[in-house]
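Heads up, what comes next is one protein chain in two forms, each shown on its own as structure tokens, labelled structure 1 and structure 2.
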Structure 1
């Protein structure tokens, strides 16, 4: 790993214990992955048999987990049985040499993490005030508690879970932010604060419009379907998202070019929402004979942020992804060549090329261990 990356001088221990809910382990792994790809020396502690994510779908052609590869690039691996005194003692020694430790509840791991000199970064399911460490948890339950299940799906049908692992990944990004704040404090010679991130609180923050909407109007915004202000409409080769701000309405009206949009009832946001069905009856035909690329180019020229809807396969060739080198080719001994997302930021004008995820227990000596 190049030593000129921003976190190259830090050593971080990621503890992956057995029996921890999947949503917490994914959050911890993502936070540690970002740190590793930014140059930190990240040692992943796995239970005997390895992190259960190693076998989770989607699977690559060679049988390896694509999810595990994505979440564990640029890390090292060490197997420790934290159910034994020897395993716990080894972990504490590692933590005395590390700058930070990423781990999940339960309390047994927390006690070990806090015994070392590394700054503890804890990822939990619920706020401390709920006193619910033993409560069963899943990402579905976390999304429901955060109010997101009230936002996704058609209003006349049952709510839908967000695709992928968005609660875990949002919490992982939050934990990484706390981690960098702690590392900055240590770097400045300050006492680094202990960090605790709960998925429930992160989801409530992600869904901040629910709280602000309820405070402003007395009603939390929910699934509106065809009554929604912003909708997905069909075009010649797919679909486009119709999105614009209040200040962009005049440009949107001019772009569509239908004189019926000059009616005073559409002049205000409140008026447009009141007459939303009639509004979309007017604007939807404009999209029908145009391609997504034509719509995006024409709209951007007018300052209107209409956006094309891409399939996952189309994203592989999307102009912005290609220009940023977001999908990088990576070669691993056991899986061959794969395309894997890089960090969407650049450092000194270059992207971060991740190293393959480690095989189980493949712990070569790290920088601080070599110096010890």
Structure 2
């Protein structure tokens, strides 16, 4: 373990208890992974059968889970059967020595983790006020409850979720920041705050413009689809998101170069929104014979922020990501050679290369850890 990393002096326990909803597990694992990549000694406690995420898609050609690999870099794995007295006693001993413990509200050991010497960082599905620790939950349900789905899609068609595990991951980022706040408190010799993160609160916090908009105007913003000023248009090799600010409209109009856009009805934002179908009828053909690369280049030259749509596979070759070294090479026997996104920060120009996720903890490691 490199000792010059910023969190190298901290020990963190991540409890992977069995039977916890997966959307909570992903959040916990992401928070602990960020700390581990920053040098913290993260002990991932797994049940004898291992974290259920070890088998979840997407899978790598050799069968290992890419999801597990991404979420568990730089950690150590330790198997404990928390269903037994002995396993729980071992956990308490570990918590005596650790700085923080990440766990989920529905876990059987939650009361034990809250009472330990390590500062508890608790991941839950719902706010305390809902009193709903046992309520069934999923990523989709959180995106619905927090109002995000209401914002995406066509107004007359079904609401859509945002792609990926956004409810889990936004909560994971939040839990990481809560964890650092707790560590900073301990570091300063204060009583560190106990942290509780619920996926539902994080989703609403992220989607704040829905509540703010409803409070300011009495009407909630919602999905606008084809009525939105920002739409997706097809081009020669894919799609582009049309995006521009009010002040960038003249440059956008000049870029497209169609004289019909000079019509005063398109001069103001309100006018463009009223005549949005007609506006898109005029601009869409401009994209059809151009590639995403050509569109981005000519648009950026005029200061227009059109966004070419890339897939994750295309991002492997994105010039900017290659130049910045955002994707690190990582090799391990069970995964082969892969590229993995590093933490999205450069610290005095330094990146934090992740180490491969651990295989399921051995008993040897267990004895060594517990002997301390």
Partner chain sequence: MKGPLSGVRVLDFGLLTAGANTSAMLGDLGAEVLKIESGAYLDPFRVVGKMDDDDGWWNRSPQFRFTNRNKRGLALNLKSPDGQRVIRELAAHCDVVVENFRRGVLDRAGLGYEAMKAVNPRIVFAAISSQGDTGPERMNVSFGSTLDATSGIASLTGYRGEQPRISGMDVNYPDQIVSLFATGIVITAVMEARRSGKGAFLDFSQREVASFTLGEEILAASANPSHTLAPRDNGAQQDAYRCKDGRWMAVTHDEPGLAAWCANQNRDDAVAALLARGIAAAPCNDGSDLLSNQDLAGVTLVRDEHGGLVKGLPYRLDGKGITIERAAPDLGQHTDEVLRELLGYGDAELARLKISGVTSTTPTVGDV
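Residue numbers count along the first chain shown, from 1. Note that this is a predicted model, so its numbers are computed, not measured. Just so we're on the same page, rigid core means the largest C-alpha set that superposes within 1.5 Å between forms.
One chain, two forms displayed separately, with the form predicted in complex with the partner chain being the second of them, structure 2. A displacement of less than 2 angstroms separates the C-alpha positions of residue 293 between structures 1 and 2, with the rigid core held in common. Comparing the forms between structures 1 and 2, the C-alpha position of residue 128 differs by less than 2 angstroms, with the core used for superposition. With a cut-off of 2 Å and the rigid core superposed, residue 53 has a Cα displacement that falls short of the cut-off between structures 1 and 2. Superposed on the core, the two forms differ at residue 152, whose C-alpha moves 2.9 Å between structures 1 and 2.
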